[in-house]
Ligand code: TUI
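Next up: a single chain in structure tokens, the form predicted on its own.
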Amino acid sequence: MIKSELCSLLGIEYPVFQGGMAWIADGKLAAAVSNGGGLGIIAAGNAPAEYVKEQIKIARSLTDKPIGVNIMLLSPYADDIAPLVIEEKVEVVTTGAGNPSKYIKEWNAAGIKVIPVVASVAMAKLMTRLGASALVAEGGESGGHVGELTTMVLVPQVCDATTLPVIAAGGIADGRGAAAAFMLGASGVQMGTRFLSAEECTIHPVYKEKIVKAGDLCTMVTGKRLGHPVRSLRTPFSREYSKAEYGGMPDDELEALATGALRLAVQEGDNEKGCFLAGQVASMVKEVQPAAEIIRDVISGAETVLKGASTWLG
């Protein structure tokens, strides 16, 4: 099976991360991914510290493998969760939707591996200087908060700009995508949308069914006007939000329109008012599987592709 420097750095079997998906990536899913040989990650999202602490407790009760916590830096609770991961002795912290500079020194001092999600070369260079352990280079194909550059363009540039291990994210759901990421210079891959179909993922059955039945043009991006674009499935909510965004609705009302929409999707499967976050690769997710099986399929698939690469030439 494929190994990389990430495996020894983090104490994991396979160089596969599970994305930190708000209100989705809980302790149960993170433990299942870690038990399967990857790195399971609990998403703090917009949740308070008490919720995150409870999810860490759940994960620890289900696995003795390393786990991570993703901190969304736009969250009003980020300052509370930053010391919590130290208190709970979390092995890895990933960050998104912002700049984690003010926290990195303390996290490093506590022995935490800090792995920021970056969407530009400039941010990759800054995080390298400040002492990150690795970087997640996330292309705009991914679900949730997205940047401008695609994975194919971003990953090799980030790899050229840093000496740190790089984890490719965005548009990866099978061995072919993982093999391509390794060829671009990545040391590992992060998948979010693929793990929405994991048996251990506790999203509403309607959400899971939407992923499995998704087509190639299933997603859209909203929120650009507010400066934090988000990719989600095309639903009545996302279409109405897009109309409001470009129809002159004031920013504060637009922000309010999205409040709680993800939780409605995750917990209630509300097709009208729910925001179903997903990456463009949702159309490649065809079945519900255990998290460990997903990891094995992706890694073994990547090995097959890489070993047979020469057959495509000549």
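Each residue number is its position in the shown sequence, starting from 1. Values in this document were obtained by computation on a predicted structure and should not be read as measured data.
Unshown form predicted in complex with the ligand; subsequent notes refer to it.
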H204, D270 and K273 - do all three of these have some heavy atom no more than 4.5 Å from the ligand in the predicted complex?
no
Stretch from 210-218, 191-199, 170-178, 227-235 whose residues place a heavy atom within 4.5 Å of the ligand in the predicted complex
227-235
Could you confirm whether S242 comes within 4.5 Å of the ligand in the predicted complex, counting heavy atoms only?
no
Do H145 and the ligand share at least one heavy atom pair within 4.5 Å in the predicted complex?
yes
Contact with the ligand in the predicted complex for G98, defined as at least one heavy atom pair within 4.5 Å: yes or no?
yes
Hey, in the predicted complex, is L277 touching the ligand, heavy atoms inside 4.5 Å?
yes
Select from the listed residues M72, C159, V90, A132 the one whose heavy atoms reach within 4.5 Å of the ligand in the predicted complex.
M72
Within 4.5 Å, heavy atoms only, which of A78, A119, L164, I112 is in contact with the ligand in the predicted complex?
A119
